[in-house]
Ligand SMILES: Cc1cc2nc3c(=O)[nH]c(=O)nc-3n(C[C@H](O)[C@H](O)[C@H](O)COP(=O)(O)OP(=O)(O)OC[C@H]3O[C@@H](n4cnc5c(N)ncnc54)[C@H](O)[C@@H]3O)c2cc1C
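One chain comes next, on its own, written out as structure tokens in the form predicted alone.
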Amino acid sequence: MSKTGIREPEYDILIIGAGVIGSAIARELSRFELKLALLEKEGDVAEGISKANSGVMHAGFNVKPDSLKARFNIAGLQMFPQLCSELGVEFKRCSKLVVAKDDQEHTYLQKLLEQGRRNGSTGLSFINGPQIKRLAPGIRGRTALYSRSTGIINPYQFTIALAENAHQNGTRVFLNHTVQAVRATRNSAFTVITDQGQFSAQVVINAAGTHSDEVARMVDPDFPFIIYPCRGEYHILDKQHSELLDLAVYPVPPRDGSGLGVHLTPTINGNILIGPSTEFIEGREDIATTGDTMQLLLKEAVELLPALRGAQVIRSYSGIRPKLFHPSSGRSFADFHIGESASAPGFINLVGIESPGLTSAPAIATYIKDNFISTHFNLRSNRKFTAHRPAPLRREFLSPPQRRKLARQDHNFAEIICRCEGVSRGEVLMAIENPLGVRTLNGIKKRTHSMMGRCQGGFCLTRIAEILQEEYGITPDEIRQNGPNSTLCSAGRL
């Protein structure tokens, strides 16, 4: 109790949303002596926007100068090499081509080049058709904007690493907690009510992604920003096509600002992504894939790279972008909204954090600390803070001698559970025993890359279910894909 008899807040800071933004903020704030909590409505971190994107580290030429997007894009990109090294996450420099088919599109490339230079983006130049062929044989284009500063990352594994490192440094992580209401209390604090109980905190950070405007209106009914969900669908190609492309290839983006166009992106795991599409929808959770859009993705991909005609698609998926404008508004750009509620001091909103949100995440976290948290707390360094998180073991990425040595040390690494991705029993066990306590199929999938190969779990799913049952006593009817309501089977049978 305080001297006034009013109960002190349970936490100094509570963060709503464990996507890449919320997790990055939690990790940055765990550097200090603060009582931190991270709430997530799903059964794991990185189950929303942060899971379903291209994993591209943008160079900063696609965003409007003098915007928060430009500022944080450039700053965030510079932070990734060291941050990924600390967190044990692979970061790969991967150049990018934005390809123009004709003179009109080349004029737009000139705009992008000028915009990029104003933003501080480096390594930009124009190249012609023959130069395109040398860099990316098979790509069709008259000219292209060539970016040497682009990169790729595995977005969900990066988010997991941030959250696990925050947890390692004292942050409490609460999964399967849906926020239902937020109330300001008499002692200038907040009560956050969830479907699993309530929490109190002196400061609340709203990083709720596609629902961030709804959360903002829980404390400020007149909050002026509205999220318009925009669905983007993707194809994942079989790894047999990986040799066709080792850099990102984009078309000239649509001028309505809806996205960057259907592009081709190599991934850390060796597949090629095709997408995303752009479709404004009503449902914020509607991640369906549609036949017409799937055909359109393939058509536009073949226009860029004809060798992809007839390519084998092993999986299709979609994600939601939280746009702050709608096509009917006549606007083609909206910046991130980051600010403290005027009606409820201590309630900090991050709304409309779409692309380049992934690239911007570490810079946004630093900005939140410097501009908001430092005004509410006298920040003292956490002397127990460790910046380093051990890299997860991936047997597939080891040399044959390393694999043999590992198998001699622990026989679990000699038994292959996922043939498509070369995932061993030992890796599955390590994923199940993750620091956040996630024991869902999605959690295992994101941490090991099992169930993501050519057969999409046809071989390994039953074996993973057997491990959950044999090692941890989780019966088949208790196995969950993600949250409590995502039962995999019933009556004890797969």
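Quick note: we count residues from 1 along the sequence shown, nothing fancier. Small disclaimer: the values here were computed from a predicted structure and weren't measured.
There is another form of the same protein, the form predicted together with the named molecule; it is not shown, and what comes next is about it.
Only one segment in the set 387-395, 354-362, 111-119, 140-148 has any non-hydrogen atom within 4.5 angstroms of the named molecule in the predicted bound form, and it is 354-362. Among heavy atoms of Y156, none comes within 4.5 Å of the named molecule in the predicted bound form. Interface membership of V56, defined by any non-hydrogen atom within 4.5 Å of the named molecule in the predicted bound form, is confirmed. Taking the partner from the other structure, the named molecule in the predicted bound form has a heavy atom within 4.5 Å of a heavy atom of G232. By the criterion of a heavy atom within 4.5 Å, G319 is counted among the residues contacting the named molecule in the predicted bound form. For a residue to qualify, one of its non-hydrogen atoms must sit within 4.5 Å of the named molecule in the predicted bound form; all three of A18, I21 and K41 qualify.
Here is the short version: of A189, V249, V179, V173, the single residue with a heavy atom within 4.5 Å of the named molecule in the predicted bound form is V179. Checked against the named molecule in the predicted bound form, the candidates V98, V423, A166, A208 yield a single residue with a heavy atom inside 4.5 Å, and that residue is A208.
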